[in-house]
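Okay, so here's just one chain, in structure tokens, the form predicted alone.
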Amino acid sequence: MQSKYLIKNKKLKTEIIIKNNYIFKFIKNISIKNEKVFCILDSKININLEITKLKNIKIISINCGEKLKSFDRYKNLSEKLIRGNVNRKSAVIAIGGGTLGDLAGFVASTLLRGLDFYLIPTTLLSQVDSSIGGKNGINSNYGKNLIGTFYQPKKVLIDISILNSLPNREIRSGYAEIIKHALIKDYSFFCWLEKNTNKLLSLNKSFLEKAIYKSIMIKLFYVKKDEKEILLNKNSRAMLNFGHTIGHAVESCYNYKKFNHGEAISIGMITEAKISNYLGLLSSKELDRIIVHFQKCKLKIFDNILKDKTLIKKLIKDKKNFLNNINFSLIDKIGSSIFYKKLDKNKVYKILQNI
């Protein structure tokens, strides 16, 4: 296993670096090339003191969580940068998890009509998923991620060494997104995960690097085919939303308090796999195999809110919907996904009562 991966994507103009203990050098290189650099930092992260000594670096520390993705926090962060005399020779670096990256990316994409943006994701979930592909934004009272832009970062640094400080709950949350990538696109990757779960969850460096790399390459496959999620076929970027239609609704029902993102998506994936089985797309044998793996990893698979009509009210606000249908990214076998467009809200409610 290499100590460094460099993934250059000319179409997206993004460079993805997987390298250990590289954060200081990464930020220093950006500071050399830009007049001002605003580092938007999760307050829980201990930043290298050498970074604060770089003359053109301004650190903005933020308390993170899903509530971060709001109009008020977007306005406050934008105005902090304006007060700091941001200009078009400035750069924004987000150092934190997915919610911070979403907010900082939205600010970078809209402030002065677009600033150079860099990402240093610090959770496993953000390293394998939210930092890749250029989606960013904030939540509405009506649902998650309904306001935002597509804006590709210039560079993303995946530094695995920073994961050592994460609690086990956060590692499992990120692992849920790794499983998602295998389920929608790569059967052999899923088999590999079944064999190596314990090594990954215990943060074995070489196995973790391989899993992160594989996840990124699967996500990039869809992003390159369909950057702005326009297609409605097997190449649609919407395939990456497997588990997210239900998962986002579960998060929203609980006002983002009961579950973290990976836990909600885990519940969503099992539920959408059951929907796939109910519709005759996924065999019962493969469904059972998926459930067994989730249970082995101690991932969430059910919550009572799934039977509640409140969930349907959240589902109909999902941004993939059109023609009054609730649209799902489902799987027809392990390693293969489809876009399913035929379910109205009453049918979905009936299915949820029967699975």
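The first residue of the shown sequence is 1; numbering continues from there. The shown structure was predicted, so the numbers you read here are calculated from the model rather than taken from an experiment.
Missing here is the form predicted in complex with a small molecule; even so, the following discussion is about that form.
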Picking from 158, 92, 125, 179, the single residue whose non-hydrogen atoms come within 4.5 angstroms of the small molecule in the predicted bound form is 125
If you check 145, 110, 283, 76 against the small molecule in the predicted bound form, which one has a heavy atom within 4.5 Å? 145
If we define contact as a non-hydrogen atom of the residue within 4.5 angstroms of the partner, is residue 261 a contact of the small molecule in the predicted bound form? yes
Should residue 130 be classed as touching the small molecule in the predicted bound form when contacts are defined as heavy atoms within 4.5 Å? yes
Can you work out whether residue 312 and the small molecule are in contact in the predicted bound form, taking contact to mean some heavy atom pair no more than 4.5 Å apart? no
My question is simply whether residue 276 lines the interface with the small molecule in the predicted bound form - judged by any non-hydrogen atom within 4.5 Å. no
Tell me whether 183, 269 and 299, taken together, all sit within 4.5 Å of the small molecule in the predicted bound form, counting heavy atoms only. no
Heavy atoms, 4.5 Å, the small molecule in the predicted bound form: which of 24 to 32, 300 to 308, 59 to 67, 324 to 332 makes the cut? Say which one. 59 to 67
